[in-house]
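Shown here is one chain on its own, the form predicted on its own, set out as structure tokens.
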């Protein structure tokens, strides 16, 4: 697929390290799907849609740093959406979001709430100022917060909140892979869905750069059932830009 030109219409500073870029193109998508964002002259990277016409970006590398240098009326290339998304399966769901992993879960929480599904969200970040989309999760249902430094909510990791939650039948998770692995080890794998972030080059399932034990994250995911991930190297290895396995 060829990228379309997306002109930036609004930029919102969400946290000190995270911005949302709204653009003039809307995508019909399932929450959890991703798009490939082409920062001209730098790189093309996968990004989850945080709104139907926006991506939420954390400044972590060359491509995201270049995005942060763009202003309103500037543009980037975008193609997609690709992959699968979160699948609603119950009347009471639990979301576990860590850091920028809140981006694909926020629209999912809103979609579930509109379907009269009870939503509980566990939201974690390093510090209060880095909590992402807390107002969207709170509007969709119940919200519990944890911060590494204790500046908001529970002093500790978001996984520590999970131990006290019982009344849910399906869990949805996105965030750092180490965090998601801890969640997987605490729940019934078949009742959990996880959105993976891996190095993706083509987005079409051709190059194999994003493979995890034969599964292509871009094509077979990025959302996987916990019972599939339980039998993989999830939480143990990732692949670098050359396709080599690197221990997490």
Partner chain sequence: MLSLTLAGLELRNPIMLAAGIMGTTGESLKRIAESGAGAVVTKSVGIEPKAGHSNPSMIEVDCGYLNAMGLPNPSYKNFQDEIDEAKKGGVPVIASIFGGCSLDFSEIAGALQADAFELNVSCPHAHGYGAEIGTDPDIVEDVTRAVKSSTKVPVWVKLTPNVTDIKSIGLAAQRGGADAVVAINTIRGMAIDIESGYPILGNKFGGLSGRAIKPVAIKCVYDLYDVLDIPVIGVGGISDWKDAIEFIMAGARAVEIGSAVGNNINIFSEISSCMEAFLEEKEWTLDEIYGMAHEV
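These figures come from a predicted structure and were not determined experimentally. Residue numbers count along the first chain shown, from 1.
Form predicted together with the partner chain: not shown, discussed below.
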Answer key: of 60, 206, 70, 186, within 4.5 Å of the partner chain in the predicted complex (heavy atoms) is 206
Since exactly one of 79, 111, 154, 136 fits, which has a heavy atom within 4.5 Å of the partner chain in the predicted complex? 79
With the cut-off set at 4.5 Å between non-hydrogen atoms, does residue 38 touch the partner chain in the predicted complex? yes
Is there any non-hydrogen atom of residue 219 lying within 4.5 Å of the partner chain in the predicted complex? yes
Can residue 215 be called a contact residue for the partner chain in the predicted complex at 4.5 Å between heavy atoms? yes
With heavy atoms only and a cut-off of 4.5 Å, decide whether residue 244 touches the partner chain in the predicted complex. yes
Per contact check vs the partner chain in the predicted complex (non-hydrogen atom within 4.5 angstroms), the hit among 178-186, 206-214, 25-33, 52-60 is 206-214
Using a 4.5 Å heavy atom cutoff, which residues in 1-27 contact the partner chain in the predicted complex? It's fine if the answer is none. 1, 2, 3, 5
